[in-house]
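To begin, one chain is listed below as C-alpha cells, in the form predicted alone.
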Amino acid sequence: MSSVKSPCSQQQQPGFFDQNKDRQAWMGLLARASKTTLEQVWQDLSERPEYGMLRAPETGMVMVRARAGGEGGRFNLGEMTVTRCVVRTADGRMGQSYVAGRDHRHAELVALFDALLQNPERRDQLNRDLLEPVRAAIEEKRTQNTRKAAATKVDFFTMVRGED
C-alpha cells in the first residue's frame, strides 16, 4: 500500500487550488459574465498571451432537463442554443467554454480566461479584476429581482364566516 496522499486529502495551502471545485466556480461566473466585461478586462491585461484555437467557436443546441416542482420526475423542458470553444495558450494551458447563445467572441473570451485562471501566477489578479466584480454584479441582479418579486407579493387569507 502506498503512503502517498491524494490531492483530495490535502489541506488548502497558499497557491493550492481544488481543480474541480475552483474551476467549476470560475467557469460558472465566466459563462454568466457579459461579453463587454470580458472584453474590457482582456484589453486591460498587461500581457495578453498568444493562443490558438483547438476547437473554433461553434453553435449548437442542448436539451434542457427539468424536474416537476423541483423534486419530481425529470422531463425535457426544451432546447437551448449554446456556443462552445476550446483554446490553447502559448504556455500550453487549455481553456474551454460553453456559453448560452450564439456569440462566438463571448465563447472565445471565456475559454481564454479559463486558460489564464489555470495559471497560479495570474489567478489572484484575475480573481480581483474579473471574478469578484462579476460575482458582485450577479448578486446585485439577484437582489434586485428579489426586491421586485417581493413588491408584487400578495398575501392570501381566509375569512371565517359565521356558522351556517
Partner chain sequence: MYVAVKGGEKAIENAHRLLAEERRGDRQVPELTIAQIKSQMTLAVDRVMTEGSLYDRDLAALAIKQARGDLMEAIFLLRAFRTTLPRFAMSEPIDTTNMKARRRISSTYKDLPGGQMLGPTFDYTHRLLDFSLMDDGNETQAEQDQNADPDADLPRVTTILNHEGLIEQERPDDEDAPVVDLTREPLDFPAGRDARLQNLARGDEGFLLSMGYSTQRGYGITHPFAGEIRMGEVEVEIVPEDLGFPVVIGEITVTECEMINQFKGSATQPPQFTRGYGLTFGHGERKAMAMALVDRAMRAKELGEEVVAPAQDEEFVLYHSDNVEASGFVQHLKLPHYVDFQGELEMVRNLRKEQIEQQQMLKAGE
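Just so we're clear, the structure is a prediction, and the values are computed from it rather than from any experiment. C-alpha atoms forming the largest set that superposes within 1.5 Å between two forms make up the rigid core. Numbering follows the first chain given and starts at 1.
Missing here is the form predicted in complex with the partner chain; even so, the following discussion is about that form.
Using a 4.5 Å cutoff between non-hydrogen atoms, G28 counts as a contact of the partner chain in the predicted complex.
Contact check for E58: a non-hydrogen atom falls within 4.5 Å of the partner chain in the predicted complex. Under a 4.5 angstroms non-hydrogen atom cutoff, the partner chain in the predicted complex lacks L116 among its neighbouring residues. Although the partner is absent here, A90 sits far enough away that none of its heavy atoms falls within 4.5 Å of the partner chain in the predicted complex. For the stretch 79 to 94, the set of residues having any non-hydrogen atom within 4.5 angstroms of the partner chain in the predicted complex comprises E79, M80, T81, V82, R84, in sequence order. After superposition on the rigid core, the Cα atom of P120 is displaced by less than 2 Å between the shown form and the other one. In the core-superposed comparison between the shown form and the other one, G52 has its Cα shifted by less than 2 Å. Taking the rigid core as fixed, one finds a CA shift for A68 of 2 Å or more between the shown form and the other one.
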